[in-house]
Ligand SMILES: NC(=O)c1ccc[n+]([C@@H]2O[C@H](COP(=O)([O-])OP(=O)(O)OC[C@H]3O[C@@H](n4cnc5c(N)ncnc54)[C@H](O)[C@@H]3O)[C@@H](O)[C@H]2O)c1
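Taking the form predicted alone, here's one chain by itself in structure tokens.
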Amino acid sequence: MQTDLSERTALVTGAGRGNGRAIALELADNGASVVVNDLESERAASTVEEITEAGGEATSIPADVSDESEVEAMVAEGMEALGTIDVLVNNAGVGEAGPFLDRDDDGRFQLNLDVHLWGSIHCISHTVDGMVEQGYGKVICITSIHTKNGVGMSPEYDVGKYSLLGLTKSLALELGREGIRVNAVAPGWVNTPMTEGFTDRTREQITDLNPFGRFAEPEEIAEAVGFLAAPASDYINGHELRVDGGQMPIDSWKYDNR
């Protein structure tokens, strides 16, 4: 299977920890030069340090993907340092959500759309021209198990991830004609900082409804992204690859992780 990315440059957003960090390390391990983005500069620098200590090439660029001007500057700096972005992984995300009936004016719907949807649109907008020019590129959007059934009690997050899946499907049809593959990876529940606050009750219900009886590890999500980034997947387009262990839906009324 062709997984060599030694001639490619990848941009991974939200790569300072969790799934994003594992994805950046995976792509670097497959030979890619990696632009490591995170909102927190220290976290991005830590990921770069791990890549370079292993013999890879990477640069860290902190930026808020919901701010288009910051994304434009990030992409320009990354391309100047490492060359045209061949692989874009839209991983940056937020976990701000709660029951709809408890909603207030805290802007959680807007935040989820700003980061998940608009953050991805900004990153695609400022990398796609280079991909079109060379007639090749990979865009991989990190969606969620929430796009399988919706999870309930978190409509803001569901809306953010469903909208990102819609963007993925639509752009795959348009950009595929330019040699750009647009796909998604949908993780189930993963042992990341985002799930650290789950109660024992929540974790028990999730694992009881998972055939493997456990959460995923970030490296398992990263390997799926690595496959979609590699030449081995060049005929895959518009696909959402689920990495959830066959997770069955949970009854969101019976758990409380907040």
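Just count from 1 along the sequence shown to find any residue number. Just so it is clear, the model here is predicted, and its values are computed rather than measured.
Another form, the form predicted in complex with this ligand, is not on view; read the next lines as being about it.
For the candidate spot formed by L11, A28 and A58, no residue has a non-hydrogen atom within 4.5 angstroms of this ligand in the predicted bound form. Contact check for K138: every heavy atom lies farther than 4.5 Å from this ligand in the predicted bound form. In the predicted bound form, at least one heavy atom of G188 sits within 4.5 Å of this ligand. By the criterion of a heavy atom within 4.5 Å, G213 is excluded from the residues contacting this ligand in the predicted bound form.
Contact annotation for E42: none of its heavy atoms lies within 4.5 Å of this ligand in the predicted bound form. Only one of the listed residues (V115, L82, I180, L171) places a non-hydrogen atom within 4.5 angstroms of this ligand in the predicted bound form, and that residue is V115.
Judged by heavy atoms within 4.5 Å of this ligand in the predicted bound form, the contact stretch among the candidates 126-134, 171-179, 148-156, 89-97 is 89-97. Contact annotation for 52-72: residues with any non-hydrogen atom within 4.5 angstroms of this ligand in the predicted bound form are A63, D64, V65, S66, listed in sequence order.
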